[in-house]
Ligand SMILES: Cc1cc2nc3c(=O)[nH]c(=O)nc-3n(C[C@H](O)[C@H](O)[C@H](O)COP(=O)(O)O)c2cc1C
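Given as structure tokens, the chain that follows is alone and in the form predicted on its own.
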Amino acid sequence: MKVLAIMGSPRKNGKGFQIVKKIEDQLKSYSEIDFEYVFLKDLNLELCRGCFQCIVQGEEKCPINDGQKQLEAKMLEANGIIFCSPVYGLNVSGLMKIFIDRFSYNGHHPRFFKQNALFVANTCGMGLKGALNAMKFIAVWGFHVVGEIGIKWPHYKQSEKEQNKNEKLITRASEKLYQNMIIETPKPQTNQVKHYCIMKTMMRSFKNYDKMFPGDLRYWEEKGWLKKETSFFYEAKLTLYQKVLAFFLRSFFRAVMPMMAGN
């Protein structure tokens, strides 16, 4: 199995790295794991230019040529991906935000269905919720989210109680990531079902969607996701709750979309 850790700190040996190193050690105690770190500071990803070509025409039309595609290939090869960011200004670091911006077309063109995601944020004080919420947007790229951990690690020496609490969080997250990685096909998560239903209904009901976003429509048609009989991104059994939720979401958005489009 392969795990990729995407590190959003400009410091290579900071507290975030030390936390992820503990996760790495824990995972390797269970089984043989190919573990790789990607430090975003080394990639020098350019800022998103906001041209919207990735959505309108397809991500292959992005005018920026840097290490983004190579990183995406690494992500697709991994079984598990750890996204780690320190808290800067009550949010993720600038490096992690640039990464999220550059990969956000995956919200429309999800592809990481075989990958499990774990979100890790660390702070010396406040802001864990803001940073974790920012990273949780990554879930709509197709990931099976196994959890999130926020670690408070102050500059002063931690108490034994704080250390034990952090160790427990790290151990539980590592166990959950490993257990999910050994499952060949993850069960659909309810947020994924919501995402699928909203996107599919929007493309089928929104007037002139094919003219406004031909790249979007082409991607979904090639995947077969717009077929009437298709109920999810991949063949899987939905729970009764997910089926009922999907029915009401489709009904609601079929009614709302024509009004939004001015039909």
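Just so we're clear, the structure is a prediction, and the values are computed from it rather than from any experiment. Residues carry their position along the shown sequence, with the first being 1.
Keep in mind the form predicted together with the named molecule is missing from the figure; the text below concerns it.
Exercise for review: Tell me, out of 116, 192, 122, 174, which residue has a non-hydrogen atom within 4.5 angstroms of the named molecule in the model of the complex.
Suggested key: Filtering the options by heavy-atom distance leaves 122.
Review point. In the model of the complex, which of the stretches 108-116, 178-186, 88-96, 137-145 has residues with heavy atoms within 4.5 Å of the named molecule?
Key: After filtering at 4.5 Å, what remains is 88-96.
Check your understanding: Closest heavy atom of residue 126 to the named molecule in the model of the complex, within 4.5 Å or not?
Key -> Yes - in the model of the complex, heavy atoms of residue 126 and the named molecule come within 4.5 Å of each other.
Check your understanding: With the partner left out of view, is residue 11 within 4.5 angstroms of the named molecule in the model of the complex by any non-hydrogen atom?
Key -> Result yes; residue 11 sits at the interface with the named molecule in the model of the complex.
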